[in-house]
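One chain follows as structure tokens, the form predicted on its own.
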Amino acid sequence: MQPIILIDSGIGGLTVLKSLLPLMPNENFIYFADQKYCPYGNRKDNYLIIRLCKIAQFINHYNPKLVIIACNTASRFKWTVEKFLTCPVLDVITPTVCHVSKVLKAKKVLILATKSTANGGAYQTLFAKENVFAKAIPCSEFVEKIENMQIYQNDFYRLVDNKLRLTNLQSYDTIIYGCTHFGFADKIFRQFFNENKNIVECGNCVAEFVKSNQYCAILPHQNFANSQQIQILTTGDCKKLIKQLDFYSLKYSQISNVELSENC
């Protein structure tokens, strides 16, 4: 059975997987976490392109039916992954912009993102085409705290406070978690936002996009139930990953370590 494969630098993309699981209960999933080289958010573009080439070549051996780049930073280089695959490739930025502009009909958007995503301008460019004003704030330092399961510590709260206090949050109608990691800290972030503000996670947007678009044609319903398998591959430490999955209450069927060298 051909799997659906998600790729990310760490555990952030699991927020996307979590949104997809109820939608496709009979699909097999492989989640590739490039944790040895996490985070991607402060990496240079050329480094990310080379890294994604190597990952794409590796996951192609699994003959996926759909690949989702479950990382905003890596989504900017979707074309790199597509070169090595024959199946459809979906990024997380396009579905998010589509949902925010067409469903929420937002006019002024604030994006909490990594340095690479914020400076890369992909969100800003796509929103400009929809006549939506978008500003991105680089928050790469949040990623390490989330990866290290430190979101409930006082220093994480202070870190968020220091980052957001100088931003006029009330002037934006929509806040986007422009890093898939940030969904894990949603309860902390919401303490800084007005209750009536739209808070958008990429994972939910991807799930809706898959459900309502052409991808449904390659994801036929199966005739058997409870067959869902979730295999997680990591270039990092399996023991740490198991702790992370337990901490964030994420289910899985199997965890394996893979060796994927830094250089192509």
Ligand code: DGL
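From a predicted model like this one, the values you see are computed outputs, not experimental measurements. Sequential numbering from 1, following the sequence displayed.
What comes next is about the form predicted together with D-glutamic acid (DGL), which is not displayed.
Comment: 64 to 72 is the region of 203 to 211, 22 to 30, 64 to 72, 235 to 243 lying near D-glutamic acid (DGL) in the predicted complex, near meaning a non-hydrogen atom within 4.5 Å. Contact annotation: Val143 falls within 4.5 Å of D-glutamic acid (DGL) in the predicted complex, judged by heavy atom distances.
D-glutamic acid (DGL) is not drawn, but in the predicted complex it has no heavy atom within 4.5 Å of Leu52.
Although the partner is absent from this view, Thr96 stays clear of D-glutamic acid (DGL) in the predicted complex, with no non-hydrogen atom inside 4.5 angstroms. Within this chain, Ile59 is remote from the site of D-glutamic acid (DGL) in the predicted complex, having no heavy atom within 4.5 Å. Residues Cys38, Pro39, Tyr40, Gly41 are the ones in 25 to 47 with at least one heavy atom within 4.5 Å of D-glutamic acid (DGL) in the predicted complex, listed in sequence order.
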